[in-house]
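First, one chain by itself: the form predicted on its own, in structure tokens.
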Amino acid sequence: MDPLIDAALRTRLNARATFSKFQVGAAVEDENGRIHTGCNVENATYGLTICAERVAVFKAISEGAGKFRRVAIVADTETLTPPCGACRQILWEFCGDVEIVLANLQGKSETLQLGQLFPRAFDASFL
């Protein structure tokens, strides 16, 4: 199995999805091959909930990572689950047009470029 998908699968089990029961795991691979993981963490107010992808990216940055090669996102869904809009924005700003691997617990996966999921993205070049 792909180590990036495996890392996302494992960290998914740490998700705090008390309300939705929708556990998601994410893993980002930095330019040095290190893998940083994240899971979704829900909050009773919902607005303070943070998705797995953002946890993984912010954790990687806090650990000194600067550039990224790939991102894997794993959820227990038949249809592969792409990142939400907020996560797409964070991924674009910090990872660029990175390779995104979507996977589920049944072993199904698909690989896309973030630009396919997020065409005409807004970033600092517009400022």
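Numbers follow the displayed sequence, beginning with 1. Predicted, not measured: the structure shown is a model, and the values here were computed from it.
What comes next is about the form predicted together with a small molecule, which is not displayed.
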_By the heavy atom within 4.5 Å rule, which residue out of Cys84, Ile35, Ile90, Leu80 makes contact with the small molecule in the predicted bound form?_
Cys84
*Contacting member of Ser20, Gln116, Thr111, Gln106, with respect to the small molecule in the predicted bound form [4.5 Å, heavy atom]*: Ser20
*Interface membership of Val28, the small molecule in the predicted bound form, 4.5 Å heavy atom rule*: no
*Is Ala72 a contact residue for the small molecule in the predicted bound form, using a 4.5 Å heavy atom cut-off?*
no
*Would you please decide whether Cys51 lies within 4.5 angstroms of the small molecule in the predicted bound form, comparing each non-hydrogen atom pair?*
yes
